[in-house]
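As structure tokens, one chain now follows by itself in the form predicted alone.
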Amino acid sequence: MLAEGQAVRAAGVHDALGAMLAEQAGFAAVWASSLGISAARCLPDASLLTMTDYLQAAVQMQRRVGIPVVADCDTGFGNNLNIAYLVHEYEAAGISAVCIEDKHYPKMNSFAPGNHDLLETTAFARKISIAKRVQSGDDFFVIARTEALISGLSVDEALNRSYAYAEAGADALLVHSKHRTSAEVQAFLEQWDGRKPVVLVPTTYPGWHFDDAVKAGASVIIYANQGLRATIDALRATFHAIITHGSSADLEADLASLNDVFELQRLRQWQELER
């Protein structure tokens, strides 16, 4: 899609059900969010889960949808050897793309308080170079994510890092910001030379319309945690209402039917195997 000049919208999900719902809604890709996968276990997004945990979640998604899964792989789970192993395992499992960020391992979620120290530019570029060297096919996609703006560094630093990562072979660059407007990423896009696609995650600047972001030069927009937050709100409200009212009668009209659940499970196709 990117080679054809099409902009991509990706939805952050933490399981296969979310991936299917995102595909049905019309998203072109799903983001196997480390925040979401961690939150589903009531754990912080702080490198507590293993590569196997994240890989298993991504594989379950990719097996159930016909759109690419972009796996959020944090800092790559360790050193350069871990990066090589990551690529071997994710590519062999059929995952379409991985995203690796330039913070130190273990990392903390970008929006959590605390320090977000970065690797030296050359050290992270080396990780990206190794990731691309060890992949076995041409279709595997490696996104290099810079947290320069998250760390309070300048747009120029984000640009310098992104150019280095592009030279190292990254297929795309993710530029992350926690600014309350799109000003930082717009400044980045105005100076970016377009040599690689740019990926954005508008969590803290949600008012920037997809079309405007694309016109500014973005190629991929990831709505990374909206689904997770909606799930929490919906479950909380539903369970509270049942406790408050003593039954679910008032909710039933607004809930998915069991037939809808069976459709998502592809129950009919499974039952046909017995006939």
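Residues carry their position along the shown sequence, with the first being 1. What you are looking at is a predicted structure, and each value in this text was computed from that prediction instead of being measured.
There is another form of this protein, the form predicted in complex with a small molecule, and it is not shown here; the text below is about that form.
In the predicted bound form, Asp102 touching the small molecule (heavy atom, 4.5 Å): It does not: once the small molecule is placed as it appears in the predicted bound form, Asp102 has no heavy atom within 4.5 Å of it.
Can any non-hydrogen atom of Gln62 be found within 4.5 angstroms of the small molecule in the predicted bound form? No, no contact at 4.5 Å.
Indicate whether the small molecule has at least one heavy atom within 4.5 Å of a heavy atom of Gln135 in the predicted bound form. Outside the cut-off, so no.
So in the predicted bound form, does Ala213 come within 4.5 Å of the small molecule, heavy atom to heavy atom? It does not: once the small molecule is placed as it appears in the predicted bound form, Ala213 has no heavy atom within 4.5 Å of it.
Please determine, with the chain shown alone, which of 106-114, 124-132, 80-88, 160-168 has non-hydrogen atoms within 4.5 Å of the small molecule in the predicted bound form. Correct option: 106-114.
Just one of Val70, Ala57, Ala218, Ala224 has a heavy atom within 4.5 angstroms of the small molecule in the predicted bound form, so which one? Partner contact (heavy atom, 4.5 Å) among the options: Ala224.
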